[in-house]
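Structure 1 and structure 2, given next as structure tokens, are two forms of the same protein chain, each shown alone.
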Structure 1
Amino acid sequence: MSYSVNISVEAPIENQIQEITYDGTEIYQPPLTLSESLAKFAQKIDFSKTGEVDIKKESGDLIDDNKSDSDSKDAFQSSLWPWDSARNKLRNAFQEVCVLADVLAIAKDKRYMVLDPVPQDPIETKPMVQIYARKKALAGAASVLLTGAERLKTSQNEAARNRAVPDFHIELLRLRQNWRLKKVSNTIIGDLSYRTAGSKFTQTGTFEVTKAEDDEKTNSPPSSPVPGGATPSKTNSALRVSIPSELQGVAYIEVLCQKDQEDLCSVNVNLLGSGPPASNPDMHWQQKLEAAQNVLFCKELFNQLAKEAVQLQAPIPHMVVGNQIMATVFPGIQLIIGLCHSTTGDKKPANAATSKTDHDHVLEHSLHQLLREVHHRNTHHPFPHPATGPLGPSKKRMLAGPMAADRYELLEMTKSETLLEQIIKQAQHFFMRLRTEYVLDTIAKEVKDPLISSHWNTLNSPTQSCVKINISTHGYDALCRTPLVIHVGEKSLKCICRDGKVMHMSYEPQELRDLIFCHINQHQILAVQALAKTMGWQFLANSNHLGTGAVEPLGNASSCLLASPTGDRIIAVRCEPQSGIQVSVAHSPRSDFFPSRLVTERKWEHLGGQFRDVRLEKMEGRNFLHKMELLMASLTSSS
């Protein structure tokens, strides 16, 4: 039989029984109020054992003694106040702190008390022990690192050996080091245009980067990398770049300078497709991207040149036909700039050889440089000095205000030369230089008597060169030399002659030729005069522009008269630019003097006789001056 028994659970009595009355009621001690219980706990605090402060044993003992004393006192006076011990402890602590504060204040003042460090004995260090300890520790750390590195290296080598194709991510890293890439949703897009370098061309140059998939290989599992057995020239790469169709292939700008063709249409689009090699579809991505960037650059350059060709007003208008621009450099000479873009491997053998040799690489390079300069100017604007000035205006513009520039000056500041004008100027200078060289070389080959030597300056600009010409006679260089300086510009020549005269000539080569011949003429006469001085002959007269004799077709004849040291011989030299030199000699006492009715006295025979021509071509001597020297030597009489 099971009864449910009620069990009551009671907590034991918490409070102590103070008294049990006679009738059985228990009087409990009332529980401690909050303040009383706090007082009880406060009494239990032992101030000597609080915190982590290191208390010296002596003071600790003292405090313990104090505590025990106060405890014993408390035992007598416990009824007085439970907080007493706590208060006393706090008061002592406060006292100590006040004393410390006072000491610190006095020590800070440094007038009555100063804190000085107690000299410590230096700790004896054994350097060798330290070094050994450090070496051991470093060796331990180094061994840990080395084992880690070894492990990584072996794992990397294994991974590399296992796959013939480099990792996609490593390739991507290499690609990222050379080109700007951006991730747009799921695809990786790159930019190969010159926009960040300052180009303002509207055509975009974006390309896409994808993982290379081996879809053209059969019988190979999809996971294996592309094997390199089928075509040995194929470069294995884990990624593929897709370039927009208009930028595929290889392009370059062809620059030709040629003489007028009778049939302008003959210089036609045959130039296209010839020259640049076929683009290998399996090229490495770096070459592909570089080729595409070059195509974009050439397109921008041609676009800019074509725009300018249409807008510029030239005396003979420029023509733009298809992929070619024809500009006239000189009457009869044309500059042809063409954009050659080959997309696939079709090669046109016709005209390939001629156009390749005529293509002017220097001018093509100049065109590239000019466009890059335009880009550079678009990005590199000058900074304002002082720093609070506006960004943008050039230095001239900034000075225009305070220096009161007028409207004309401001308009001039805005004008700048177009690319086409600049390249035409360079082509013109190129032609001028070529012509001047040709003229000088031809004259040097033709004229052997005075030697013509020309020295071209090594430093020149694309639009200006300088050549120094020396006319001297072989063997008599120290005697007389005629220097000339010719500045070759774009369309004109400037010649500075030996006497300081400046002559401006046009682009016709005949003008330079005539000038040089005139100078040769002058040189001969001057050389004869210098020679006469050294030989002791007297110089009687000279004329640079002789008015007597036949009219010269070119320039003027010049002449000089020389007398021998004793005065009995006179030499007359007449030099003409076209016809050459004539020399005549006269004797002073006439050999054919006969007194006549008019002239009776003998003394008149000293007036000098007829001039007789000397046949220079029959004379001995290397050149004219040598012949003159021999002549003078032979005519000098010793008496």
Structure 2
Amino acid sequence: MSYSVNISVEAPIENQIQEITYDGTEIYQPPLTLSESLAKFAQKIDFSKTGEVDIKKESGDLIDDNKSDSDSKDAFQSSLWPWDSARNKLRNAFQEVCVLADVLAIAKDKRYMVLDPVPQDPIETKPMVQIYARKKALAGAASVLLTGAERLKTSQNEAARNRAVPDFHIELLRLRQNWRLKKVSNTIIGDLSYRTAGSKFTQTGTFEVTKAEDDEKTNSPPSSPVPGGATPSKTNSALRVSIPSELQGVAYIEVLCQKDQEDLCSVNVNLLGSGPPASNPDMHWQQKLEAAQNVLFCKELFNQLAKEAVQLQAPIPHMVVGNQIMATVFPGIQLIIGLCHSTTGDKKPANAATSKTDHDHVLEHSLHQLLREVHHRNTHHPFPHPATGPLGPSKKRMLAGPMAADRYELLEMTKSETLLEQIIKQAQHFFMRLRTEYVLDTIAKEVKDPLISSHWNTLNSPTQSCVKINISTHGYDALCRTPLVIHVGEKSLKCICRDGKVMHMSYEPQELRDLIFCHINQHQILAVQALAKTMGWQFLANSNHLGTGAVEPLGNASSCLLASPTGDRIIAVRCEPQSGIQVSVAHSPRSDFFPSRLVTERKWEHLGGQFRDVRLEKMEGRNFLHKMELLMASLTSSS
């Protein structure tokens, strides 16, 4: 019994061996890819054969050699090459291209053949037909534009309708971008406190977010229509924010500096700014949350200040009464800090009589910044060095061990100023700066000769400022100038004089006034000496603390002696802080010299006569130096 079995003949899987190494490893030749196989078969094409006769002859010879005449037809059909039809088509196309190239070459020379266009009958054009066609085309374009305009109007109306009715989820997304929210069971709870910024205030700032439609259905009755068809303007919002009653309204910190029950300055710290009342139910949720956060911030600030006022031990104890804190800045000057919280939306109570002109933005910013710095220190701790050290101590305390710091230095490192102390120091510096400005302005108004100019430094700290004073005479600025630098501190003044001396003064303005007048007298003496050098006069003597004459109630008198180039004239100048300037002139030789029994020689008459006072108020001149210049010029002899 025989069974038919299908036998498949396939090419061997193994490839040809390309190389055998010395250790017996056989390296096979990689198989050809499809592109390589195609290129191999294409190389076998013989384009020299011009027709099918050669192919038939070649195939016939092969058939005669191997097979009989009966099988010649089948062998010839099987020996045809698969790419034969493609080769024939390419060859025919090549012949046509060659013929086209020859025709173009002959037509280009225009000697053997010329190409003429074939005449065609002209098309008859009718004007009315063209007009109707253009009219129809314009009508179609107009209809397209009108259709597009209608679609745009429809889309705008839909967008306006969608804006009029905002989406709850979109509003909730905007709320979540600025405020912290979380979902507790079926309610959405938010937090507006500063705990994430470093605040440790115990009062919570939670609020609840609900949908506006639910509130209108459950709480508010249907509104009656307004006569006349006018509807009240209302802020449309898809959500409502419920804030606790203790955080509703407007709050601000009021700082008053009083002297003998008189308001000297008024500072209102209002972080919210102007806006509608907080009790308005139609207020937008963003404004409502900002107002509530401002109330929470003001309460935290006042709570911290009140706690520090009770704990601090001041020479004059601080007082905390209700919502007011009273602290003594200087004798007779008090600093009053109060918390004003209004639920009706009024910025200030009716009895507040402080004016807007007394508003000090520097103290307002300082109060705002002090609490922000506390929040920043609570969240930003210095990194330990090395990294394995404890977290919390400052860099100075970490270096206390290697630097062998003693107990006093360690105690100084642990000390820190409270908010109330910093505010009091800034208020003290504020008063010191006001007093210094007042003294300098009054002296500049009183004293016209010399001129006093003050230049305040723009880069100052809240407790330190600097002013440079220049004392000069008009018209003689390049001749002599007396500079003076005053550092205004918290309770004292430091003056750096022209010669480098440093003088410390208290907060009394009279001390600064006396110092300025003393420097004015010194400037006049130095300016006269510099003028004498330019005029050719000789400088004989100078004394900044003259011991002769009446005792001055303020400072000491200063004087100088000047001699003319020939020595026949002597000018004595005396400057007193209270009396002013006195100028005397002496002549040589003396006109009243008479020989006597004791003094018989005439040479003693050159010692000079008695000094005669010069009435400066009767002389011509813009100022003191101008009068002295005219006096020196008139007393200078030509011989």
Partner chain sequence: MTSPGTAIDSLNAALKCNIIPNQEYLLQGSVLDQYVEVLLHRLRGLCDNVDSGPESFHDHELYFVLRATNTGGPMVLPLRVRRALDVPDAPWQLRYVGQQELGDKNRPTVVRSSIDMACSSTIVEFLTELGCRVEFEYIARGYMFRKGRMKITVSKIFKMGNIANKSGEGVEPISQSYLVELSVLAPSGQDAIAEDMRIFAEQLRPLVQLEKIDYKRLGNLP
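Structure 1's sequence is the ruler for residue numbers, which start at 1. Every value quoted in this text rests on a predicted model; they were computed, and no experiment measured them. Note that the rigid core is defined as the largest set of C-alphas that superpose within 1.5 Å between two forms.
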Which of these two, 1 or 2, is the form predicted alone? 2
Just checking, between the two structures and with the core aligned, does residue 110 shift 2 Å or more at the CA? yes
Rigid core superposed, CA of residue 387 - does it shift 2 Å or more between the two structures? yes
Taking the rigid core as the frame, does residue 569 move its C-alpha by 2 Å or more between the two structures? no
